[in-house]
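Shown below, as structure tokens, is a lone chain in the form predicted alone; questions about how it binds or moves come after it.
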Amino acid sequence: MDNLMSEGLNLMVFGMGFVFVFLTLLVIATGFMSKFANKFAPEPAPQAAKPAPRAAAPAASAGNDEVVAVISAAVHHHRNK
């Protein structure tokens, strides 16, 4: 039983060590690629945003009044249940 526990601990240490080394190398590689990409393709300077032209508001029609009335009736009916 003691041998089985030591093998389990040994496997756990090697497994966690391998994951730690792999993730460390991954972070280093990602940082290197980021620096490499910024060196050869820097971000463009931000440009001033132009305000979009506003569209004229559509005129209210009789159809909208009917929709508002139907929605109001549905809300009223739901609350009274």
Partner chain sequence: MESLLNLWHASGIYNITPGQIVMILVGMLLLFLAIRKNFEPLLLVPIGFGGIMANIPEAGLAFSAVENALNLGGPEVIASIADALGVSSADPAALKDAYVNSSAKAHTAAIYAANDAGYSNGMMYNFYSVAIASGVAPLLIFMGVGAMTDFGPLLANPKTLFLGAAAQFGIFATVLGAVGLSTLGLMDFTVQDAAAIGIIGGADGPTAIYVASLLAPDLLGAIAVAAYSYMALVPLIQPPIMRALTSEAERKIAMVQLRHVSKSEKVMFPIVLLILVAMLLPDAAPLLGMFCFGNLMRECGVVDRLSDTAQNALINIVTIFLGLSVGSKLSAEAFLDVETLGILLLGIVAFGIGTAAGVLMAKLMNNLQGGNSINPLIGSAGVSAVPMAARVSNKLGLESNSQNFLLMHAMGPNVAGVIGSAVAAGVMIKFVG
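Since this is a predicted model, take the numbers as computed values, not measurements. Positions refer to the first chain, counted from 1.
In what follows, reference is made to the form predicted together with the partner chain, a form of this protein that is not presented.
At a distance threshold of 4.5 angstroms between non-hydrogen atoms, residue 24 is in contact with the partner chain in the predicted complex. When contacts are judged by a 4.5 Å heavy atom cut-off, residue 67 does not count as touching the partner chain in the predicted complex. Proximity of residue 71 to the partner chain in the predicted complex: non-hydrogen atoms within 4.5 Å are absent; the residue sits far from the partner.
Not displayed here, the partner chain is kept clear of residue 75 by more than 4.5 Å at the level of heavy atoms in the predicted complex. Residues are counted as partner-facing when one of their heavy atoms sits within 4.5 Å of the partner chain in the predicted complex; in 3 to 21 these are 4, 5, 7, 8, 9, 11, 12, 14, 15, 16, 18, 19, 20, in sequence order.
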